[in-house]
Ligand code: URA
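Let's start with one chain on its own, the form predicted on its own, as structure tokens.
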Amino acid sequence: MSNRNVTVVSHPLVQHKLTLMRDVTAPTSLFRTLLREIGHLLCYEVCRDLETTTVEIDTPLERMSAPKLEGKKLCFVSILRAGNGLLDGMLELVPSARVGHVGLYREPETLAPVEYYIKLPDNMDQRLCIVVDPMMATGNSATAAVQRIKDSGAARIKFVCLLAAPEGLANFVETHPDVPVITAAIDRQLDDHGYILPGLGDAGDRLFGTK
């Protein structure tokens, strides 16, 4: 699909690491490492337009004016549980960021999201909020999580995922046209069980070795 609010990060390193992750023979340890590394790389893309201000500092040689991030600290919100795999890589780049969590599971029959946990930082209305989840399949969980985050007062939100299905992306963009989506790939379609094809399986299970 074509949408100016959707960015596919086609950097060769991202695509190489994603291919390694897709391979069914990749062990849990490698999958976990690669997801963290891609989180690193996607963080560069999602943070490219952060606002900066100029401050005066002293280098070992002289005084200078230099750029520094402006405003309240970033907020990363992980959609549990697989979102934590991307979160780890992003926190390595922005260790001072605040972190929130939204716990959702997908009801097997209806594929509707069911919330079981939410904890967000204060002053959400003053922060850029970056929501992370490796898979945007039906888009139902992403849509519900972003709505809950908007309800907390957040006005500046971006969504980062590893893979998106066209159906889920269309669902999300229709509901939240104001929220940019950054992804490493848009795959072909969903299967009858709501899994992304060709995909990489269940990201949470592969991340934590639970299947």
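From 1 onward, residues are counted along the sequence shown. The model shown is predicted, which means the values in this text are computed figures rather than measured ones.
If you look for the form predicted in complex with the named molecule, you will not find it shown, but the lines that follow are about it.
R106: heavy atom within 4.5 Å of the named molecule in the predicted bound form?
Yes, R106 lies within 4.5 Å of the named molecule in the predicted bound form.
I196: heavy atom within 4.5 Å of the named molecule in the predicted bound form?
Within the cut-off, so yes.
Verify the contact flag for C75: yes if a non-hydrogen atom of it lies within 4.5 Å of a non-hydrogen atom of the named molecule in the predicted bound form, no if not.
Judged by the heavy-atom cut-off of 4.5 Å, C75 is well away from the named molecule in the predicted bound form.
Can M135 be called a contact residue for the named molecule in the predicted bound form at 4.5 Å between heavy atoms?
Because a heavy atom of M135 falls inside 4.5 Å of the named molecule in the predicted bound form, the answer is yes.
In terms of non-hydrogen atoms within 4.5 angstroms, which of the given stretches 135-143, 83-91, 96-104, 118-126 touches the named molecule in the predicted bound form?
Flagged stretch: 135-143.
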